[in-house]
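One chain comes next, on its own, written as structure tokens: the form predicted alone.
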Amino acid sequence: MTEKIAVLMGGQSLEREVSLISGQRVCDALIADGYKVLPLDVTTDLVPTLRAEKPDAVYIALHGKYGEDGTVQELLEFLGIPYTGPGVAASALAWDKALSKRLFVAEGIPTPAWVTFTADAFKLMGAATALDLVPDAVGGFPLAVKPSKQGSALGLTKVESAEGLAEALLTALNFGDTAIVEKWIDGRELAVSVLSGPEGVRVLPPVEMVPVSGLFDFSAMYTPGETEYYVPARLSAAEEAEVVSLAERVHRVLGCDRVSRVDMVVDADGVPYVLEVNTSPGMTETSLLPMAAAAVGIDFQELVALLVRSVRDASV
């Protein structure tokens, strides 16, 4: 009997439009592979539809809040429906960049020095009066300021001097209630995708991103021509081995299952620093996971089928 796969996409996050593109491409690939596909834009009808349709599995093509933070994963577990990507705890940990960075430090995983501010710290505790302490706390300018819980580099600002810090924090806090201020590391930006299942962990070739603007933000990610990509990344054999090992370690430390994408930067001395982890990687024409898979001969249709099979294998 043909398996029925529900593809969750859209939803209400700020990454809705990107998710719809990812979801449609996933649907097309699954149909071409012979699956019965149920495309679902996530609305209040989601639960009754899933209960009525009884899919064999769910492909989560959601990006951003509710799709990557453990919310939909917890709901699907309650309904007893297996799904692609990491589980509830790993999703929640990776989504909260401030929390995952604390775990990285505890596990000896290199990550840029940082401080965290909440909106309440500014409103109720006068945190704005201590912004002059930030540069010394993280090692000086330039700084990266970004929301702690957001994807696709939404709300990201590179800050070159003290004059721009307050405005950058306001921008970040427009996207969530917590902002991270971390040391900006000049170097090669990489995305390292990891696949895992009963047969073990497989790290795909690192992808190097070189944005024309110098900032790999939302526009650079999704506008063709705004970023140059190198697959595999321009690394020495020793650097690549270290990056691959680090990505696998991060995948395991966070407790990720099936797939993750570890974003990092390698500085001028060849030292890699982990920035964050994505547990629902994009599947658009410019997305990094499909690029990495293609570099080892896994085309898009095969990649999608592989991720769906990983759900079936895990539930056996």
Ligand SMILES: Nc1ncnc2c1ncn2[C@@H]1O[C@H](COP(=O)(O)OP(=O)(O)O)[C@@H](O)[C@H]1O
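Start at 1 with the first residue shown and count on from there. Note that the structure is a prediction, hence the values are computed from the model and not measured.
Below: the form predicted in complex with this ligand, not depicted.
A.B. asks: Taking this ligand in the predicted complex, would Ile5, Leu46 and Pro82 all count as contacting it (heavy atom within 4.5 Å)?
C.D. replies: So, no: the whole triplet misses this ligand.
A.B. asks: Here the chain is shown alone; which of Val72, Val243, Ile185, Val207 has a heavy atom within 4.5 Å of this ligand in the predicted complex?
C.D. replies: Among Val72, Val243, Ile185, Val207, a heavy atom within 4.5 Å of this ligand in the predicted complex occurs only for Ile185.
A.B. asks: Please identify the residue among Val265, Leu50, Val37, Val253 with any heavy atom within 4.5 Å of this ligand in the predicted complex.
C.D. replies: Looking at the other structure, the residue within range turns out to be Val265.
A.B. asks: Given a 4.5 Å cut-off on heavy atoms, tell me which of 74-82, 132-140, 119-127, 213-221 is the interface stretch with this ligand in the predicted complex.
C.D. replies: Stretch with heavy atoms near the partner: 213-221.
A.B. asks: Heavy atom to heavy atom, is Ser100 within 4.5 Å of this ligand in the predicted complex?
C.D. replies: No, Ser100 sits far enough from this ligand in the predicted complex that none of its heavy atoms falls within 4.5 Å.
A.B. asks: So in the predicted complex, does Asp96 come within 4.5 Å of this ligand, heavy atom to heavy atom?
C.D. replies: No, Asp96 is distant from the partner.
A.B. asks: At the 4.5 Å heavy atom threshold, is Pro232 in contact with this ligand in the predicted complex?
C.D. replies: The answer is no: Pro232 has no heavy atom within 4.5 Å of this ligand.
A.B. asks: Check Ser91 for me: does it contact this ligand in the predicted complex (non-hydrogen atoms, 4.5 angstroms)?
C.D. replies: Close contact is absent here: in the predicted complex, Ser91 is far from this ligand, nothing within 4.5 Å, heavy atoms only.
A.B. asks: Quick one: name the residues from 122-145 with any non-hydrogen atom within 4.5 angstroms of this ligand in the predicted complex.
C.D. replies: Read in sequence order, the lone residue that approaches this ligand (within 4.5 Å, in the predicted complex) is Ala144.
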